[in-house]
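Okay, here we've got a single chain as structure tokens, the form predicted on its own, with questions on binding and movement later.
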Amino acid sequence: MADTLTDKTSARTWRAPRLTLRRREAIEAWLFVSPTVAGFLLFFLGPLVAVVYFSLTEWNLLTQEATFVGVKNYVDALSQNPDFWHVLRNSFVFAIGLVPLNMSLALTLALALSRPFRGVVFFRTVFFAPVVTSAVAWAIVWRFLLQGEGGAVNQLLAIVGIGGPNWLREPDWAMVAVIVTRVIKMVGLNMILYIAALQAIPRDYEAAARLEGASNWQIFRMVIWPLLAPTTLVIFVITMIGSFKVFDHIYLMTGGGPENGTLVLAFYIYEQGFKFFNVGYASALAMIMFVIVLVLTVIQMTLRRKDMR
């Protein structure tokens, strides 16, 4: 009887060990970041490891047979395939044409629309609307607008006595047409980023510069532009990466033509993988593009850090 009462008393007084505050906070933190970690593993790290493995194989998508060949795909791309260097040149031409034009136009629009005035919301909406427009619809509409004789662009040029070319069928103009339409499509995003950065700059800096007799250009060059440097770096990186990843505009407007004049690396990877079914070679090209973009990003960030010292 006494033993039974003792056992009941012991059962009531026993408690499970409580978690310490630090351990409970650690568990809560992991619960919060677990969706992001899972997404990173499933949608970035996993595919990246798979692409690295596929790039070391000769895998035909139709036969589903993979043979390990080491770095053969990389050697073929860099030394034995002249098309690769032509495609890489087109990719750099596209990036060099798009990035400065996009950033300069975005900054100009941001400077014009960062201050409140009647209708500023309307103009911001107009310039940002293409960003949220379907890329497929955008490319198809511009393909019709840029037709040779019946296109609306050439009809407008004819009104002022200018004979427009067949924009998407002439090698000298096709790349220009794709770059300009891509800039118009995406410039609104960078404009919004610049507007946010401009509105975060204290007005006291500009007022102090004006008291010292600084002109508008001097205020922009000596005050505003240095304070916009971090935002400019972010915009440069995302715009450059986007320029190397362009696919939809090329696919729908030119198909890489004419005469492979707009055949850029992302579209070339698609052709090799899903048109010619050379998955191993396409994976090697994807890794080369990844390294190129990574190197350019690191160089830009390194130069920016040196300027800040």
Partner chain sequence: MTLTTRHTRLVSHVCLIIALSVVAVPFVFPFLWMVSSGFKSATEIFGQPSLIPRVWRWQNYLELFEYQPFARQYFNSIYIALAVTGLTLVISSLAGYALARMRFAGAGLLMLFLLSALMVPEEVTIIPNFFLIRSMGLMDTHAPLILLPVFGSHGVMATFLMRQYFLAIPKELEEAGRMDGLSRLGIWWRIALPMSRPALAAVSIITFLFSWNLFLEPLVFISSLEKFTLPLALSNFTDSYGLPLWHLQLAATSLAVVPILIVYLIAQRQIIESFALSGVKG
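Every value quoted in this text rests on a predicted model; they were computed, and no experiment measured them. Residue numbers count along the first chain shown, from 1.
Separately, the form predicted in complex with the partner chain exists; it is not shown, and the next lines address it.
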Answer option from 216, 81, 104, 155, heavy atom within 4.5 Å of the partner chain in the predicted complex: 155
Contacting member of 223, 208, 196, 96, with respect to the partner chain in the predicted complex [4.5 Å, heavy atom]: 196
Among 72 to 80, 185 to 193, 96 to 104, 208 to 216, the region lying within 4.5 Å of the partner chain in the predicted complex by heavy atom distance: 185 to 193
Contact test in the predicted complex: residue 118 vs the partner chain, heavy atoms, 4.5 Å: yes
The partner chain contact at residue 144 in the predicted complex, heavy atom, 4.5 Å: yes
Any non-hydrogen atom of residue 297 within 4.5 angstroms of the partner chain in the predicted complex: yes
4.5 Å heavy atom contact, residue 132 and the partner chain in the predicted complex: yes
Members of 204 to 235 lying within 4.5 angstroms of the partner chain, judged by heavy atom, in the predicted complex: 230, 231, 234
